[in-house]
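Consider the single chain below, provided in structure tokens and representing the form predicted alone.
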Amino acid sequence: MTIRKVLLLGLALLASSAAAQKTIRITGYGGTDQTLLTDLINRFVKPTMAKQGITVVYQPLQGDYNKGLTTLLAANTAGDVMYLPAETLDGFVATKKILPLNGLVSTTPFIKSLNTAFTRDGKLYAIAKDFNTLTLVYNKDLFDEAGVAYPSNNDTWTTLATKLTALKQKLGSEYYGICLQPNFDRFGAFAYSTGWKQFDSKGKTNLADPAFVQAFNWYTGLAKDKVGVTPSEVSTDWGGGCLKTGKVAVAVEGGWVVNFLRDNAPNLKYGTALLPKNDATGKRGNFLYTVGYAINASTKNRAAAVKVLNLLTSAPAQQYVLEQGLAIPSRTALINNAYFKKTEAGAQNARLVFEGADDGNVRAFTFGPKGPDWGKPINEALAAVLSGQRSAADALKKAQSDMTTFQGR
């Protein structure tokens, strides 16, 4: 063998060794996601990437994910692929450390509203890995006992309130129509139903907008005569806990409530309906709670990272996510999936969560560029009125003042 051939062989071996050592790191959540993603990666990502000499590892962040990811990005140690929550998207986009995906991945297979949730100024920053919306989850036994019709997909704010009031009157003081969480993450869906917008063209929030006031008055008005009850009044901290008591007929929750009820209230017979339509607009409002897969702008393995992202959101991977029952995958074609046609309560809930993604005024759950404290004035106003400490007018006046101060900083 000539010296030239020896050198060429050596270079080839070095190149092969480098390829074999290439690793794509995925930064994501800990907890239950860690187990699910590890299994998903082992099934649908690693086999394909291994054939190309690429290793894929999942690196979960425990604790506050947003803080953890912020630290990693600042130190240039974040994964090549990462979870990107829609609620904090604006802050991460501002760092310029998230790679725009335009021209790198196809958005066609995915629900349009989810693509919109991860788009800013025409640039797509993530592909939704899964999502949730809100539905009405109701206790069938309480409606049957009261002789009141179940909530339906045709209900308006008025007809739903009429049903809840009738149920309360029939069952008495120990029972309640609906669980009212004093938080924007539930109430906001009703505000969107009116056509209210979270931010105007200058990025400001108007809580004196008549559309917002209408929703605020309707939501807090359900507390009148205790038709509605806050979670704390029945010794819990969320809607699933309200249903578990057997004393509250309806909760506004997403698909995450299904496994909770299975494990904590196995004998509760429940059904699901879409959120009611605003009487004036004829539209529902809803949130998209979603997390996407994004790519680190500084990755040295861009092509491989794109391949991993595509495998993570492939049709087989999304079918797997659907069957795990933790969230609803983001491919449009899944509406025809056999799982959604099952009659069991969990599958019916999943179908309506899926349908909620593009029914009416649907917006991503987000805090905007200034972060989670954006919702604080609204939450405080809701709590003050639902607890009877302030009138709706006084609470909204204070909330707008606080919001103006917050956004002016």
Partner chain sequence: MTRKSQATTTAYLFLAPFLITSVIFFFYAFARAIYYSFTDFNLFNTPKVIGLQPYLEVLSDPSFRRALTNSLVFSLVTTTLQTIFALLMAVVLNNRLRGMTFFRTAWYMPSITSSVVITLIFLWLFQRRGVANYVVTQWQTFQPLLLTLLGVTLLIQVVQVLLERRAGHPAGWFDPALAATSVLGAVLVTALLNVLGVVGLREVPPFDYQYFADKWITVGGARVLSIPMLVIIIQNTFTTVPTLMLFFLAGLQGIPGSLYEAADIDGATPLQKLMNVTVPQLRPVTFYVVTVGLIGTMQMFDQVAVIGSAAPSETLITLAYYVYTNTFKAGAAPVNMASAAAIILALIILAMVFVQRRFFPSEVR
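In this text the structure is predicted, and so the values were computed from the model without any measurement. Numbering follows the first chain given and starts at 1.
Omitted here: the form predicted together with the partner chain. The next part is about that form.
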**OP:** Choose one stretch from 24-32, 370-378, 341-349, 40-48: the one whose residues place a heavy atom within 4.5 angstroms of the partner chain in the predicted bound form.
**Re:** 370-378
Original post:
Though only this chain appears here, would residue 71 touch the partner chain in the predicted bound form if you measure heavy atom gaps against 4.5 Å?
Top reply: yes
**OP:** Give a yes or no for residue 336: in the predicted bound form, does one of its heavy atoms lie within 4.5 Å of a heavy atom belonging to the partner chain?
**Re:** no
Original post:
Looking in the predicted bound form, any heavy atom of residue 88 within 4.5 Å of the partner chain?
Top reply: yes
Original post:
Do residue 94 and the partner chain come within 4.5 Å of each other in the predicted bound form, heavy atoms counted?
Top reply: yes
Original post:
Which one, 141, 233, 209, 185, lies within 4.5 Å of the partner chain in the predicted bound form by heavy atoms?
Top reply: 233
**OP:** Note which of 59, 361, 55, 66 lies within 4.5 Å of the partner chain in the predicted bound form, where distance is taken over heavy atoms; exactly one does.
**Re:** 66
Original post:
Does the trio 387, 405 and 409 actually contact the partner chain in the predicted bound form, every residue with a heavy atom within 4.5 Å?
Top reply: yes
